[in-house]
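Let's start with one chain on its own, the form predicted on its own, as structure tokens.
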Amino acid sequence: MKRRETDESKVLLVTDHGDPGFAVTIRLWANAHTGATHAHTTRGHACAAPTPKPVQVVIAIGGDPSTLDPQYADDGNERAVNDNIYEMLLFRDPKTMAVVPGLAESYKQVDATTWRLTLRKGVKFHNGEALNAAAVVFSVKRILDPAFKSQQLSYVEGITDAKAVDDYTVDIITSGPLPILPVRLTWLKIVPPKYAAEKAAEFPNYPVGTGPYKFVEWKKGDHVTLEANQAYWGGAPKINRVIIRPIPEEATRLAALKAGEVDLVRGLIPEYVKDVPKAAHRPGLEFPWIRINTRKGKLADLKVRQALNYAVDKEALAKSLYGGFAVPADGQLLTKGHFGYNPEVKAFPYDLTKAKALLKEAGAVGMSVDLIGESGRWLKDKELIEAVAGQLTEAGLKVNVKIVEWKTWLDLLFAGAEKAPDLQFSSHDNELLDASRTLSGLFTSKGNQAAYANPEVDKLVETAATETDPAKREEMYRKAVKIINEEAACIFLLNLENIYGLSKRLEWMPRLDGRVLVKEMTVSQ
């Protein structure tokens, strides 16, 4: 028998190595940092019948979260954890993706720049703070604060303020007409004001939300543990405990799934579909692309950027790397499901001869460029980076591939155009299903990921954001998409399907927006 007493909880944890004569009990403990109460399982000899074993699932993700602050990083690994802890004012229906009530029961537009929301009563954060108008106001002001430097600003663009009307009514203020405000509110997570303000240094490591799962611990590089919020306003979830493990290597994730160590693997590579107990996939919103610093040296030359696009054989990449679970992007980082998708814009065809000729005309043959990438965050990211680098090399460039750590990669992505590398691999996933976030964040001069600028694109995107006529608004986005394509503002690559590997006991239907919500899962015992 092993015993250990944690310094933080002062709770004695006991394990029995599987002795069938022991019964499972649940012992509550308080997190010293958050004040939230959690449950741990212990065992001891019991006269009564054994308590049913708690239901646990283990989820494998591609890397460790950069933070557990839900308003700071634009990081899919963070979202995989925090989507289960925190909630938004409005949700999306898992089947239709329609906007539905969340922490707000209802909403309406009061005037051109004001939307009024009525909050659910009786909802509490995991540490006991009340979900009220003050919490919403604090959350909005926090993410918008320039000193906070949130990487998520493109998701909340157009929102300028929030004001409490009464304890459970709040007004969201916008800079002008903002027709997609309800969509933006499906992203903005609400945080507990007292804890986030008074424990600012601890908050990124000890999250507290209103969601169906409570945070227990984060052992960086190894796992995050969550436990069911039995007092959840939407009803206690069926799965009691969640372990989220960062496993960067695809083969290691597969081995863990086959060995029964994990129940769900995100980003399953196509070759492994036949080897897993169960697989689930559906068309996704993920667009691998390569950002070009168009303000730097030879890359400012349109001919060079066109050459980069003609040099990449996207059909071959989709087939060889993704086995039919990807298609070439349509010369834009949008799908037909996005508002603003331009059906007239097509992918750059593969034309190595033309690529070489354009580089020669631009005097760029043999030019050295740095291609910054990372490994493990997205499906076959490193392999894709290396394959693209090989094709660019064949066209006549000298490509220096640099695979960096996740935090370094994020810092470079948001460092601004002046500090942006020549080329940086990324993958864009626009869950808002509206072109505004993609275009404003990636291709306007003020975009927090942009290394390209065109005054006409800036004007189109800025004007469209406040246009209340849907037809006019969509036409503006389509014009912007066409200009971005014609100027070869990036290397357009692929659109991926989301592929998941599941254990035999796990039942779950993937969502179009890619969110992994454990409350939507069930486990057969």
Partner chain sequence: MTNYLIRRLLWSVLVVVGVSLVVFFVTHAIGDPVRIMLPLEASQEEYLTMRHAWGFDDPLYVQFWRFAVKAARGDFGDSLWQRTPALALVIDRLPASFLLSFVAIALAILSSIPLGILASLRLRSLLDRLCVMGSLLGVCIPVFWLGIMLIMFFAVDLGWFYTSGYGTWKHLVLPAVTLAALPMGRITQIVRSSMLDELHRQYMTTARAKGLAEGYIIVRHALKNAAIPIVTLAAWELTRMLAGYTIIVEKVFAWPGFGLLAMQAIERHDLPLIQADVFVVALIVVVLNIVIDFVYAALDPRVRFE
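Keep in mind the model is a prediction, meaning the values are calculated, not measured. Positions refer to the first chain, counted from 1.
As for the form predicted together with the partner chain, it is not shown, yet the points below apply to it.
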| item | value |
| --- | --- |
| Non-hydrogen atom contact Tyr206 with the partner chain in the predicted complex at 4.5 angstroms | no |
| is_contact(Phe91, the partner chain) in the predicted complex, heavy atom dist at most 4.5 Å | no |
| 4.5 Å heavy atom contact, Val110 to the partner chain in the predicted complex | no |
| Partner contact for Lys149 in the predicted complex: the partner chain, 4.5 angstroms, heavy atom | yes |
| Interface residue in the predicted complex among Lys319, Lys398, Lys407, Arg295, criterion: non-hydrogen atom within 4.5 angstroms of the partner chain | Lys407 |
| Heavy atom within 4.5 Å of the partner chain in the predicted complex - residue from Glu217, Glu129, Asp330, Asp429 | Asp429 |
| Heavy atom contact within 4.5 Å of the partner chain in the predicted complex, the stretch among 235-243, 444-452, 117-125, 178-186 | 444-452 |
| Arg142, Pro248 and Ala255 each touching the partner chain in the predicted complex (heavy atom, 4.5 Å) | yes |
